[in-house]
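Listed next as structure tokens is one chain, alone, in the form predicted alone.
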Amino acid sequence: MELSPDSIILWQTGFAKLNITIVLTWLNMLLLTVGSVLVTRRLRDDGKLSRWQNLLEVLVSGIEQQIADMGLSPPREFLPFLGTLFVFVLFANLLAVVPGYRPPTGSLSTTAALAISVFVAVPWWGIRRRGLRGFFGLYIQPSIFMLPFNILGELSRTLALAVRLFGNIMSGSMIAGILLSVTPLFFPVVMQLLGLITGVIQAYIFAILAAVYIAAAAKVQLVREGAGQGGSHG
């Protein structure tokens, strides 16, 4: 049994390889793109909403509310990035019910790429909100002697973000495979149902942690904005 879909090689020449992770990742992106175009091509604002538009608005409103609850304001600014992360991970995990499908999130290379995108997004928004000096000043708080520890903490939480998602999805696939060989009918169905729940939870946790990391980088700016508004009212 393969621990990761990376080991399933579809084509190789020299050092260049095309594995099932790359193919399924691009297939997921293609399906999400086509689905988004189909769902959004006939949006209406006259009260006569289609079922798909209703579902889309519930999903977008829910993600937007979660972003606002994390202290990220305005939430629309962060919605494209965090919403895309959540929908991609959720879609990849839910497709695991399809026989023969190996979720790309069961590959450490995919989860590492997602975690690196969060790692880049944190300073991107942190510098925009705090400024270059204010953001990098966080690494020498409460004293300059904490610099190496703060850098290690930044790297370790990115690694933990990747390993957490990879470990949960990979272990679920492994357990389902083992039970399938022991009892081919009952337990695999139960495990697939549990896998769906786990997939939704893991997508939620990944997006929430990304929002928390970004919110930590923008926190001072929010406090300043609040203080400024309080001062103007006074």
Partner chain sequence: MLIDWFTVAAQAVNFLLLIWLLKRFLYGPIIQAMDHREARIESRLQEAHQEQETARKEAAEYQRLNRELEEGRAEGLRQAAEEAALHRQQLIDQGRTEASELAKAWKASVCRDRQMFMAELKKRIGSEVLQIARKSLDDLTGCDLTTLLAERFIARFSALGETQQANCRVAAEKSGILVRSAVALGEDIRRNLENELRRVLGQELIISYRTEEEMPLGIELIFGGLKLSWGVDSYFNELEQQVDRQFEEIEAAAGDTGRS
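If you're wondering where the values come from, they're calculated on a predicted model, not measured in any experiment. Positions refer to the first chain, counted from 1.
Not pictured, yet referred to below: the form predicted in complex with its partner chain.
Trainee: Looking at 171, 65, 192, 53 here, can you tell me which has any non-hydrogen atom within 4.5 angstroms of its partner chain in the model of the complex?
Mentor: The option sitting close enough to the partner is 53.
Trainee: In the model of the complex, which of the listed residues (128, 76, 157, 164) lies with a heavy atom within 4.5 Å of its partner chain?
Mentor: Spelling it out, the residue with a heavy atom inside the cut-off is 76.
Trainee: Which one of these stretches, 93-101, 106-114, 128-136, 144-152, sits within 4.5 Å of its partner chain in the model of the complex when only heavy atoms are counted?
Mentor: Among the candidates, contact is made by 106-114.
Trainee: At the 4.5 Å heavy atom threshold, is residue 119 in contact with its partner chain in the model of the complex?
Mentor: Looking in the model of the complex, residue contacts with its partner chain do not include residue 119, since no heavy atom lies within 4.5 Å.
Trainee: Since only the chain is shown here, I'm wondering whether residue 60 would be in contact with its partner chain in the model of the complex (any heavy atom pair within 4.5 Å).
Mentor: Yes.
Trainee: Report whether the minimum heavy atom distance between residue 26 and its partner chain in the model of the complex is within 4.5 Å.
Mentor: Answer yes; at least one heavy atom of residue 26 falls within 4.5 Å of its partner chain in the model of the complex.
Trainee: Is residue 201 part of the interface with its partner chain in the model of the complex - any heavy atom within 4.5 Å?
Mentor: Flag for residue 201 set to no.
Trainee: Any residue of 27-41 with a heavy atom within 4.5 Å of its partner chain in the model of the complex counts; write them all down in order.
Mentor: Result: 29, 32, 33, 36, 37, 40.
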